[in-house]
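Only one chain is included here, represented as structure tokens and corresponding to the form predicted on its own.
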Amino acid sequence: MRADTVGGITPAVLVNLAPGEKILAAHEIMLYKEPQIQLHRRTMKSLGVNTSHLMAMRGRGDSEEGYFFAEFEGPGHVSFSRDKGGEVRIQHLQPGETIRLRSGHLMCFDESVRYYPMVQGQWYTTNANGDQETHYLFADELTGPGTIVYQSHGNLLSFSLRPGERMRTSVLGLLATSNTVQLAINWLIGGSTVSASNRGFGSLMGGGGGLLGAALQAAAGGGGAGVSSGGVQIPVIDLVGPGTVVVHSGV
């Protein structure tokens, strides 16, 4: 497919499909299509995502996740918009290249791209009643070959991390990573960093062995204790290369 961004304040993407070419798009974001474009429904099951997995995602609170995509078949033009401000990025994935994109930002992708929704991470907090609450970082895993289109909140910044190179961002600031990037959710408490593995506050899933891997999984099983320091608690994401990290400026 050929995709171009159009507009400024609230950008859209204009896709030109060749005869027989197909793309899949998120729900209810089509602006318009030419009459000759055929519209179908593509179930998640046909993409290799079983219903029990989708129900588990829904059970964790992923309101973005549906049970089908809209499928558009060329020839002709079709346009999409998420009706919000923020940069639109068109990315071409090589065969076997995988990106994990924060849920709620995907616009459309080639039918050749393999799609799988996942929980990339989780962390725990304690509410005013002393009850533990679990928070999830939902992501769409997309594997090439093919083209994907997604939109950020605000501006985009991309970083290419060398093996062992580290960076930190806020939980809200993270938009996408390569599947080769290792993640850990830690806490800034009263100006100091507290490891999730040491305090039982978080865990990362879907990222392989990764940074703190086994320790974080053990912490998840042991539950999340409350913070007794009385300091300000801010969850942060530590990332370790190799791979690409994409952050965005808005929330």
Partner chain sequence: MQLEDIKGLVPTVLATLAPQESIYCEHGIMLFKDPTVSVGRKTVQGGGLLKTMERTTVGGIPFFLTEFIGPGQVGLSRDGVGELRVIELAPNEVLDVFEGSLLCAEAHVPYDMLYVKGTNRPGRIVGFWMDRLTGPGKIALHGYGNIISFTLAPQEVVTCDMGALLYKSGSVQAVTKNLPFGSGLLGKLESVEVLELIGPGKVALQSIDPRQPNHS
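Residue numbers count along the first chain shown, from 1. Quick caveat, the model's predicted, so the values are computed rather than measured.
There is another form of this protein, the form predicted in complex with the partner chain, and it is not shown here; the text below is about that form.
Three-residue candidate spot Tyr32, Ala70 and Lys84; every residue lies within 4.5 angstroms of the partner chain in the predicted bound form by at least one non-hydrogen atom. For the chain shown alone, Asn16 is not a contact residue for the partner chain in the predicted bound form, no non-hydrogen atom being within 4.5 angstroms. For Thr10, a non-hydrogen atom is located within 4.5 Å of the partner chain in the predicted bound form, even though that partner is not displayed. Contact between His40 and the partner chain in the predicted bound form is found at the 4.5 Å heavy atom cutoff.
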